[in-house]
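Below you will find one chain, with nothing else, as structure tokens; this is the form predicted alone, and questions on how it binds or moves follow later.
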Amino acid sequence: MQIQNDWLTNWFGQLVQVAGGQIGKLMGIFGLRRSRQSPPWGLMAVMLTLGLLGAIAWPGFTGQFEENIAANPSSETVELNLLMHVPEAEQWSGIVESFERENPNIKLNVIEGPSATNLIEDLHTSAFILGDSPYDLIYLDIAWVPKFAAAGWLMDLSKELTEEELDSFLPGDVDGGRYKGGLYRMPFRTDMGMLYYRKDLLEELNIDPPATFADLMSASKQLQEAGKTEWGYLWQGKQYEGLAAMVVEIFEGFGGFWVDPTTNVVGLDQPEAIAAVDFLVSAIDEGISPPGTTTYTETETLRFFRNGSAAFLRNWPYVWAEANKPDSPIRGKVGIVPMVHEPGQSSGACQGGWGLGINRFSDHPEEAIAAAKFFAREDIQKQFVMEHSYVASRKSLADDPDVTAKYPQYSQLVEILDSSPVLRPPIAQYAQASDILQRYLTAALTKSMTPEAAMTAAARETRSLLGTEET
């Protein structure tokens, strides 16, 4: 396994490779094919210049350049490239080593990218638009699948797995890899939103874990008034993709929706969606949530929850391991329940997760498919879970005795997702739709617009994007 860990200078180096698709000499040095979509020469000159500047800033460039020249182009070893965000690139080291032991003719180069997943998406998008992405395998967030598939960048993997094989994965993970009848992502690990709570604090005041929004507000106020906690409920309110992931759960809990992907009907200006945004605004107004919530991502909310500053936290499965580390002040004091909802409505767990797609233009499609299938295997996913505590896409691991012995909460996590999955709308224009929603949610949360005005404007703009009529 090879990890390249300076993502910025490495990205410039990758751009040199992209430009090399137009220049025969560099094409031979780096072993790249000619671009199928030849970009303008002027743009290539600019990108080559940026690549060379990046090379100057990259001390390891000269050595790697010489290695590429010395490499035997007729070597039987096939190299596959995979870009991953920090820190998961390092976390994959064990399973990548397993892959290379079983497949000695394939070398998997894991390129370490920025930790912000939207930047990873931007890097992939830029590479594809330039015409020659150097990445054979694409580590896909569930929200990227419609965009990448609609653009024609991914290979359809429908024929690579039988229906029986697909049934062995969690349904939401499979559905999250589909677009217009095709399958574009092999499931690897799953994610779901849920509500963490302080068991010890609730037990002190004899409060049951909340099931409704009213329960959550009431419990928060009781604990605050009793001096047990500074804040009640923490959630991700910054203008970024995490805000969109969080709010689909609130929409679901109020009986609302964002976009129906089968009809493109937009529900943002319906009473249920407006009520959902009203709830979030009131949580800040009433002091249940901190005023700084509009700047918080998962990282900040976890930090405040872990240091004992709050009673409730909406977040993802990774929080369990973080909250129960030996040095955690709340170790052993945390419980989990599905996200709360209105009476008569259902709980919502935003379906997240990651899997492997294959670059449709890869020079090594067979080897890339073999790699994607390898990492979808039950034993490999179990190895990753045991090493890093994520939730795998394989159903069987929910009852695996080794997994549940090490992670007693594992079965409950899978049960929460299996019972109440909510997808962000799988539409080709998802990135634009998410940007619209984030902007107007921020306007409502920061009081520059009322919830009703913000959601009305968001609905109007989303309908314009999708070309649909007002309902």
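Think of the rigid core as the biggest set of C-alphas that the two forms share within 1.5 Å after superposition. These figures come from a predicted structure and were not determined experimentally. One rule holds for the numbers: they count along the sequence shown, beginning at 1.
Form predicted in complex with a small molecule: not shown, discussed below.
Proximity to the small molecule in the predicted bound form, taken as a non-hydrogen atom within 4.5 angstroms, holds for one residue of 134, 352, 210, 338, which is 352. This chain appears without its partner; in the predicted bound form, the one residue of 241, 269, 252, 367 with a heavy atom within 4.5 Å of the small molecule is 241. Look at 327 to 335, 200 to 208, 135 to 143, 94 to 102: in the predicted bound form, residues with non-hydrogen atoms within 4.5 angstroms of the small molecule sit in 135 to 143. Of the heavy atoms in residue 117, some are within 4.5 Å of the small molecule in the predicted bound form. When the small molecule is considered in the predicted bound form, residue 169 lies well away from it, no heavy atom lying within 4.5 Å. Using a 4.5 Å cutoff between non-hydrogen atoms, residue 233 does not count as a contact of the small molecule in the predicted bound form. The closest heavy atom approach of residue 316 to the small molecule in the predicted bound form falls within 4.5 Å. The Cα shift for residue 116 between this form and the one not shown, taken after rigid core superposition, is 2 angstroms or larger.
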